[in-house]
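A single chain comes next, written as structure tokens; it is the form predicted alone.
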């Protein structure tokens, strides 16, 4: 991917390579997400304006763009087939790709690799949860997404980010960074290292259950942040799941756990005052109820019982990633201050500690 922003003439040329009818009126930048460059085009068709979303994909993060697009196509076609020609299913819409003029799912050109979606009007995304209703809706949407993909053979998908969901792999990254300690930082975070090491056994629980067949490998979204849900401006209901780049084979509860970690947090991800850090139990219960409502019986009894553990495990996993990056010298996550990744790791670990204290209150029974 080119680092520079494409010029106006380049943008117009790119979007016109997609099979869109009508006359192009404008193309403008849309500040959404931190990975891809996103733009919105407006076309005049039969006297009305129609908009499309275009993304120049970041091949520095996703090295195998063909695999990413294969997964998105596979998931989208499966969902579209389930909808049997309807615009919505259970009140949800599918993010629809627009093929190129040569009938391909994405464009490879001098300005990078591009894809195009129909723009879903009258919806909004949110970075912070407004309350239990919104938490329920987000969880219901991701649960629905999971339920509709329950009969999709996950082996048909490619692993675009190797070992992305593997806690044992993240633990090994942490241990490697600790052993190397290139910036001599380990001495200043001994308690954090002790916390991570003391819980290392939990890293292997899910992998062992996948290997034994106690829980199934499923198609997962992989990035269940609140801002990857489009909410209807009129009703406030969740309408569409977006950002399918990390749809891969994994375990369903990763999606649930990451949603709890992000949405039910009582503080910012880099909060320095750890007294503010924890998990909002009301939001957590709303997420549980919404996810179970959305999955609609497709989760096994074992998966349901593992939901609170998954919340701890995913939070612990992200904490390992932050701490490993701090020890390695801040080579992966962007930082804006000294010890930024260490602060992030401490927030995740504090959340894990609070979840351990709230274990009884967070228990979930099969319904």
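Given the structure is predicted, the values throughout are model-derived calculations rather than measurements. Throughout, rigid core stands for the largest set of C-alpha atoms superposing within 1.5 Å between the two forms. Residue numbers count along the first chain shown, from 1.
The protein also exists as the form predicted in complex with a small molecule; that form is not presented, and the subsequent description refers to it.
K.L.:
Report the residue, out of 35, 30, 302, 67, that has at least one non-hydrogen atom within 4.5 angstroms of the small molecule in the model of the complex.
P.N.:
Selected residue: 35.
K.L.:
Using a 4.5 Å cut on heavy atoms, which of 173, 113, 246, 134 is close to the small molecule in the model of the complex?
P.N.:
Contact with the small molecule in the model of the complex is made by 246 alone.
K.L.:
Would you say all of 43, 54 and 106 touch the small molecule in the model of the complex, counting a heavy atom within 4.5 Å as a touch?
P.N.:
Not a single listed residue reaches the small molecule in the model of the complex, so no.
K.L.:
Any chance residue 140 has a heavy atom within 4.5 Å of the small molecule in the model of the complex?
P.N.:
Result no; residue 140 lies far from the small molecule in the model of the complex.
K.L.:
Can you tell me whether residue 322 touches the small molecule? I mean in the model of the complex, with a 4.5 angstroms heavy atom cut-off.
P.N.:
Answer yes; at least one heavy atom of residue 322 falls within 4.5 Å of the small molecule in the model of the complex.
K.L.:
Residue 202 versus the small molecule, in the model of the complex: is there a non-hydrogen atom within 4.5 Å?
P.N.:
No, residue 202 sits far enough from the small molecule in the model of the complex that none of its heavy atoms falls within 4.5 Å.
K.L.:
Does residue 164 reach the small molecule in the model of the complex, with heavy atoms at most 4.5 Å apart?
P.N.:
Close contact exists here: in the model of the complex, residue 164 approaches the small molecule to within 4.5 Å, heavy atoms only.
K.L.:
Only one of 156-164, 175-183, 233-241, 292-300 gets a heavy atom within 4.5 Å of the small molecule in the model of the complex; which is it?
P.N.:
Heavy-atom contact with the partner occurs in 156-164.
K.L.:
Rigid core fitted, is the C-alpha displacement of residue 127 between this form and the one not shown 2 Å or more?
P.N.:
Yes; residue 127 is a residue whose C-alpha shifts (by 2 Å or more) between this form and the one not shown when the cores are overlaid.
K.L.:
Can a Cα shift of no less than 2 Å be assigned to residue 115 between this form and the one not shown, given superposition on the rigid core?
P.N.:
Passes the 2 Å threshold, so yes.
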